[in-house]
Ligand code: NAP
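One chain follows as structure tokens, the form predicted alone.
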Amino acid sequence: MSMVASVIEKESTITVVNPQDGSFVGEVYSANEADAQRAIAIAVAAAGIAKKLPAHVRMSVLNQVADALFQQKELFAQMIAREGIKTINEARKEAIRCVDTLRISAEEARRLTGETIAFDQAPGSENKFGYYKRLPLGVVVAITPFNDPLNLVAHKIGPAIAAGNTVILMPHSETPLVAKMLIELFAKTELPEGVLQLVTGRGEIIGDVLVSDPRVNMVSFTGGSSVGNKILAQTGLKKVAMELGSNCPAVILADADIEHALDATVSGAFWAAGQNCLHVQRIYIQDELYAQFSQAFVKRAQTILMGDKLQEDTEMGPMINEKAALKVEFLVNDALSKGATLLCGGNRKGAFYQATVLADVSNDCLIAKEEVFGPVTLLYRFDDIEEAIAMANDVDYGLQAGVFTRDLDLAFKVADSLECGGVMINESSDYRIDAMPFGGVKGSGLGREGVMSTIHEMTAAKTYCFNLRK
């Protein structure tokens, strides 16, 4: 199997460090523009082979990798934790989810079917018969983020292979090592050379080449909105799927199960130190519950144990780097300077930022409108449900939301009114399974992920019509 990033050269490497202490974790080759061009040429040459690869072979490859990953799940979890932001327990959950994502991809490879078409519904077409089937697009470029460096890789390369595409993976330059480990598992299967390639490097050097080349048929990107908009300006006429983050709300109604709502929202607020597109950033609490809920939420936030990611009892690790922590610090200080109340947290030490809760945050604060991508949650109170819906929708994001209530009628009303790609009833926005459609509206992106949905994004319907002479 061809892997552009298979050789480490000292004069052109990326050094990967542990964000909590700057210690050395590993190195990968830093590809240049010529490497990116070569990867595209290899993918184009292999596209015909990938398209003809039988479903049983694609399924076998994906299941072999899933089985191998399951056997090595602790090794992969250790790497996720060392090079990235997750505690060891968070990393273990990601490794298991990745196994599931690959197995679902294998199953969906057998379901890549079309339908017959009733051509005789149109007058004059009584003798026509036909069908459509879904065919691979060709060359897919997959660009993945640092916050889920294993499972989000699987969410792109698993469906791409299942659908019969070739795929060029460019993982985030801060967390490329676990992605490389996964690609090495594929290299041990019967997947033909060139169908899957890994290109590690700086986005500003190779990203433009990969996304703008007309030989690339699709770009699948997960990351920030500024980079996403730059990609959109470069792609030209090709398919694009993007997940660009959010500013997710939770709505707590007066009849909610308060203990359950606290469990769900605290976890959703501080999982992976808030560096998660599904992070619970805003919580709207009905007046009757506000005092009780806010006090309990703050108390729980204050007890979150932050520290060494590899310690079993650590609940929250660092930001991906000190620059990211400084950004969170700036957003919090901006809110405080405009009248916000600090209920807990608000302190930074290097790349670590405390679990932080703010109240009285006005709409002119950046943190009210933007994605914080850190361990900060804002509490608001409301009286009328229409007020809560209006506030929840008043951002240029719409990925997922949570609603907590025992009232079925209210649940439907709020869920239907929220402008987002998914509403979790009696769960926080941070809930997701790998088989469900996943994506947002407004500034949260384009298209849908989730294995089956991704496969549909990475294929195109082709129609066949037969004029039957009788």
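Note that the coordinates shown come from a computational prediction; the quantities given were computed from them, not determined experimentally. Just count from 1 along the sequence shown to find any residue number.
What comes next is about the form predicted together with this ligand, which is not displayed.
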Interface stretch in the predicted complex with this ligand - options 259-267, 72-80, 343-351, 163-171, non-hydrogen atom within 4.5 Å: 163-171
The unique member of G398, P318, G201, G374 whose heavy atoms fall within 4.5 Å of this ligand in the predicted complex: G201
Could you tell me which one of L135, V227, M306, C365 places a heavy atom within 4.5 Å of this ligand in the predicted complex? V227
Are all three residues Q64, G158 and F186 in contact with this ligand in the predicted complex, where contact means a non-hydrogen atom within 4.5 Å? no
For Y29, is any heavy atom within 4.5 Å of this ligand in the predicted complex, or not? no
Tell me, yes or no, whether C277 is in contact with this ligand in the predicted complex, where a contact means a heavy atom of each within 4.5 Å. yes
So in the predicted complex, is this ligand close enough to F146 to count as touching (4.5 Å, heavy atoms)? yes
Contact with this ligand in the predicted complex for S246, defined as at least one heavy atom pair within 4.5 Å: yes or no? yes
Let me know which residues along 424-444 have a heavy atom within 4.5 Å of this ligand in the predicted complex, or say none if there are none. F438
